[in-house]
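The chain below stands alone, shown as structure tokens; this is the form predicted alone.
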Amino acid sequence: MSILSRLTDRQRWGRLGGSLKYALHVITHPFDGFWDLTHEKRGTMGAANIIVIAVLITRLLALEHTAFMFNEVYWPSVNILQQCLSVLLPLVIFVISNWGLTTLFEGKGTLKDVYMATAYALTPYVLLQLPMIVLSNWITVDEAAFYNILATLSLVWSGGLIICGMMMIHDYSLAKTLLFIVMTIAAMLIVVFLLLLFFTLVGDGVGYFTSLYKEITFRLY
């Protein structure tokens, strides 16, 4: 199918819209929602990608437009790429680490399932954080408790949905899911350590050969 055909395929767009709308069902009925998301193919990669992009946009909008008393960030000094990576890298590492442990824990979810469930679980972050950006510019310091409650709720809700999602797609009990999440976090720390070690060694190697090149050119010329 050509790109033009994909863009004009109404059935494809209708399925995408339906899978995006299904995110509202997932966050309010997580157990059957996550089960149907993967087992009944109610979710799509396109919708999952859109939710992740919405999270990135929400993050950037929050940095720029949230009132200063709730977010002490000087926008001109913000590195947009760095902010995007601060969201995408943990997401990618979590998905890969989670999927990598499925063999050890006899999980039934695929890499695609883990990614979709995690992406759909982030929906409350977008739904709550966007109105909070507007709210932050209208409330006073004395009313900051309402803002903090909503901010905490957006994170706790998403975290709870991730636990439910892993429980459903891997067909685990609650106790096994919690253990699996702890092991996933441990695996993420190991991956981060290995990445830091790798880039440190690469940096040292580049620095060594750069110094060697400068020394050779200095002696020759």
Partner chain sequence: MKNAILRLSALLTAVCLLAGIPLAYAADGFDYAYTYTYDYWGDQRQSPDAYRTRAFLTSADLGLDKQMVNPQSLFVQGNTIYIVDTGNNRIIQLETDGTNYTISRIIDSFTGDTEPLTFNGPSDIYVDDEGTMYIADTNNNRIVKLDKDLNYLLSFTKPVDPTFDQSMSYLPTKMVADVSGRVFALAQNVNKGLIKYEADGTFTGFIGASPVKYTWYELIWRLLSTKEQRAQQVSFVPTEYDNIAIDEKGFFYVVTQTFDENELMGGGAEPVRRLNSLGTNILIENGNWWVVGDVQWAAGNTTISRTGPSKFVDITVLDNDIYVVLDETHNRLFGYDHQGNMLWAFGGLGNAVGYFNKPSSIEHMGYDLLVLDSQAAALTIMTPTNYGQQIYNATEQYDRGEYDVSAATWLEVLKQNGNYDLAYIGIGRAKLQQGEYKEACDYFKMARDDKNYSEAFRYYRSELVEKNIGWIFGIAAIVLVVPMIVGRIRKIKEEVDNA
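Positions refer to the first chain, counted from 1. Please read all numbers here as calculations on a predicted model, not as lab measurements.
Keep in mind the form predicted together with the partner chain is missing from the figure; the text below concerns it.
Although the partner is absent here, Val141 lies within 4.5 Å of the partner chain in the predicted complex, judged by heavy atoms. In the predicted complex, the partner chain sits within 4.5 Å of a heavy atom belonging to Phe68. The shortest heavy atom separation between Asn137 and the partner chain in the predicted complex is within 4.5 Å. Contact annotation: Val73 falls within 4.5 Å of the partner chain in the predicted complex, judged by heavy atom distances. Judged by heavy atoms within 4.5 Å of the partner chain in the predicted complex, the contact stretch among the candidates 141 to 149, 115 to 123, 81 to 89, 102 to 110 is 141 to 149.
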